[in-house]
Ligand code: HEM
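One chain comes next, on its own, written out as structure tokens in the form predicted on its own.
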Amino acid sequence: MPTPQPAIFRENTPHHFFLEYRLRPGWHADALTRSLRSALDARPDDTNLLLAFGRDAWERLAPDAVPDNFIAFHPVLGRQDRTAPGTQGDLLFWLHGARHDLNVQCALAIGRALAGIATLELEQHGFVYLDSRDLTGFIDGTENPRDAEARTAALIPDGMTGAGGSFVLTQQWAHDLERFGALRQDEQEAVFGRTRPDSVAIDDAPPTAHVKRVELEVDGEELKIYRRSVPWGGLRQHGLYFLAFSREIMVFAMQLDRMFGRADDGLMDRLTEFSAPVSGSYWYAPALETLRAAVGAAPE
């Protein structure tokens, strides 16, 4: 299999930086590849860097290397006036490592490299909170696959266009911690479907619990994604930058449908009462060999 971008699977990094860009009208592939080579060359040795593309940008850059079913993110119009907005971008840079200052240094260099060809639409610093908890106090990613299972869940398999690459979903979620914090602990646990102290699954959790809504099973097989989400924010605004990788983009769409009441049972994920997405994009993170062929460089 082609080599996936290493940043996908390098875990236990405390500082994260996300940059989402939209290319300006009239951009040319040659100018973009030059800018991307410059951006990738700016990565410090101690910073992990992932580069991913929106559908339109990747199709223009590498029309013969577009994975099957690669689509742009469209708004998910849910029930009870809750929606998942679409803010589809063209370029995603994910920086993560042990030092926030090096992430910022790299982000500044990326900004200089893309000046004149792309507009920064989202810039967000993320961080590990306590023992990998969300700001709600619940452990995030308890059932995340590990090692070989993570690679199976995240990577497009051999024999398919885009093999060794990964589909990516990003969403910035904003929490209403005051409202959520007003619930009793058992009420909070019913929202998530797990215990708060130690993240044990609650067998009799209601069907609207978050874990019940995002667990998918098709023909007796559980469909997993590989999550790398981190909290963001401070006193005024705060939430979760949701970042996940999958071998099949439609797994994301199925999960969102189940969260926002668009599945056959019509149930809403109760977590959407206390947290709302403010952005949403699908991306493709090419394998290193594919990325080098397209732009002449790749992050190591």
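Note that residue numbering follows the sequence shown and begins at 1. Please read these numbers as outputs of a predicted model, since none were measured by experiment.
There is another form of this protein, the form predicted together with protoporphyrin IX containing FE (HEM), and it is not shown here; the text below is about that form.
Peer 1: Exactly one of 224, 196, 99, 82 has a non-hydrogen atom within 4.5 Å of protoporphyrin IX containing FE (HEM) in the predicted complex; which residue is it?
Peer 2: None of the other options qualify; the answer is 224.
Peer 1: So protoporphyrin IX containing FE (HEM) isn't shown here. In the predicted complex, which residue out of 190, 211, 104, 128 has a non-hydrogen atom within 4.5 Å of it?
Peer 2: For this set of options, the contacting one is 211.
Peer 1: Find out whether any non-hydrogen atom of residue 228 is located within 4.5 angstroms of protoporphyrin IX containing FE (HEM) in the predicted complex, and reply yes or no.
Peer 2: Heavy-atom contact with protoporphyrin IX containing FE (HEM) at 4.5 Å: absent for residue 228.
Peer 1: If you check in the predicted complex, is residue 171 within 4.5 Å of protoporphyrin IX containing FE (HEM), heavy atoms only?
Peer 2: Because a heavy atom of residue 171 falls inside 4.5 Å of protoporphyrin IX containing FE (HEM) in the predicted complex, the answer is yes.
Peer 1: Consider residue 32 of the chain shown here, and say whether it contacts protoporphyrin IX containing FE (HEM) in the predicted complex, taking contact as heavy atoms within 4.5 Å.
Peer 2: It does not: once protoporphyrin IX containing FE (HEM) is placed as it appears in the predicted complex, residue 32 has no heavy atom within 4.5 Å of it.
Peer 1: Does at least one non-hydrogen atom of residue 175 fall within 4.5 angstroms of protoporphyrin IX containing FE (HEM) in the predicted complex?
Peer 2: Yes.
Peer 1: To test your reading of this chain, name the stretch in 59 to 67, 22 to 30, 46 to 54, 251 to 259 whose heavy atoms come within 4.5 Å of protoporphyrin IX containing FE (HEM) in the predicted complex.
Peer 2: Only one stretch passes the 4.5 Å heavy-atom test: 251 to 259.
Peer 1: Within 117 to 148, which residues come within 4.5 Å of protoporphyrin IX containing FE (HEM) in the predicted complex, counting heavy atoms only?
Peer 2: Stretch hits, in order: 134, 138, 139, 140, 141, 142, 143.
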